[in-house]
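Taking the form predicted on its own, here's one chain by itself in structure tokens.
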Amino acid sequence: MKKDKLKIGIYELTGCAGDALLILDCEDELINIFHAADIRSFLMAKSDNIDGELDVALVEGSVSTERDLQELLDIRKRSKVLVAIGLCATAGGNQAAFLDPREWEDNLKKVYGRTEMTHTKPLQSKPLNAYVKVDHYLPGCPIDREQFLSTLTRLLAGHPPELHRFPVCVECKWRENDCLLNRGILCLGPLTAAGCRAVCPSHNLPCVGCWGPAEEANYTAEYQLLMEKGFDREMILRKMSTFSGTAIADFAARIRGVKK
């Protein structure tokens, strides 16, 4: 008996659309992907998009407007499995770097002043799991081609994705890189999930955290180490929050002595 193809939808909320573009750039595999699955919705790749029940929804971008939130709630309702793809969806991304709601509101006023929003109301940017249940996460800014193809293959076979659970530091060791922290360079490798193949440290550039938080990231230890090396507290917290977004909100509030 022939097995029905999984119904899959690929969606974009607020972000740069880099993850959807990366999927589109899987040129050699793209035809096979469309043969292996029933791609019901993918605005970047097809015009005959269909709203309906889905086996798997892949969603990129953060929830940054009321329209984003309404779309996400609808996608979650229609999907058996929801996968957050890319750093905006998994941790909030760059737009979630302003962790304090008051800071976000002040910046919104500085940019837009008294402009009345008629299209949709802005919200403080947050990852998908701030509003709905997320079944699987595929981090990256953007996601990695090989990790995406592996994740999709496993989902099509009915298996959960398998991603690295260790930090970038392990990939640095595999490449016999000299630790940048030992040279007094602010590197976020100990906090960042592996998967990028340590491309930045391999070129003597510090990790900035664009793969999102490692599963057991120890922010306290990294913060204390960087403070001991003479880095400014606010610089450390800004670097940590640039890509980790809301994942470090509680930690940052505690360090700053802010009562939530």
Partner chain sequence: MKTISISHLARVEGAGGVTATIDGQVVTDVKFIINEGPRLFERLTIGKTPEEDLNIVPRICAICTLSHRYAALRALEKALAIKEPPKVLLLRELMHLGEMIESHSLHVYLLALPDYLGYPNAIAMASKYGFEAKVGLEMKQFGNHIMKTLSGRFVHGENPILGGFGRFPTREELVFIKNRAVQFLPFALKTVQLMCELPYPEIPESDTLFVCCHPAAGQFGFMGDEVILSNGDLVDAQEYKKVTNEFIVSHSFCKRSQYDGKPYSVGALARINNLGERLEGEAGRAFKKYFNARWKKNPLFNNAAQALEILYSFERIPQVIEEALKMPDPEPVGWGRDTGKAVGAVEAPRGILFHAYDVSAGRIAHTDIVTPTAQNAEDIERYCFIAAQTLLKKGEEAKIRDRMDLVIRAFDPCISCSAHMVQVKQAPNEDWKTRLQELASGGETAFVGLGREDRSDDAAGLELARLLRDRGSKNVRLAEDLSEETAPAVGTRPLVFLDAVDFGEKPGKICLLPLRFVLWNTSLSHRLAALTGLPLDSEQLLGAHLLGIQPASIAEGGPISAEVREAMNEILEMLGN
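Because the structure is a prediction, the values reported are computed rather than measured. Numbering follows the first chain given and starts at 1. Heads up, when I say rigid core I mean the largest set of C-alphas that superpose within 1.5 Å between the two forms.
Below, we refer to the form predicted in complex with its partner chain, which is not included among the displayed structures.
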Inset, instruction - May I ask you to check whether E71 falls inside a 4.5 Å heavy atom distance of its partner chain in the model of the complex? - result: yes
Legend entry - V208 within 4.5 Å of its partner chain in the model of the complex, heavy atoms: yes
Inset, instruction - Determine whether any heavy atom of E53 comes within 4.5 Å of a heavy atom of its partner chain in the model of the complex, and answer yes or no. - result: no
Legend entry - in the model of the complex, Y131 touching its partner chain (heavy atom, 4.5 Å): no
Legend entry - Non-hydrogen atom within 4.5 Å of its partner chain in the model of the complex for each of E12, I31 and A97: yes
Legend entry - Residues of stretch 228 to 246 in contact with its partner chain in the model of the complex (4.5 Å, non-hydrogen atom): E234, R238, K239, S241, T242, F243
Inset, instruction - Could you check whether the CA atom of K77 moves 2 Å or more between the shown form and the other one, using the rigid core for the fit? - result: no
Legend entry - Yes/no, K133 Cα shift of 2 Å or more between the shown form and the other one with rigid core fixed: no
Inset, instruction - Using a rigid core alignment, state whether the CA of H159 is displaced by 2 Å or more between the shown form and the other one. - result: no
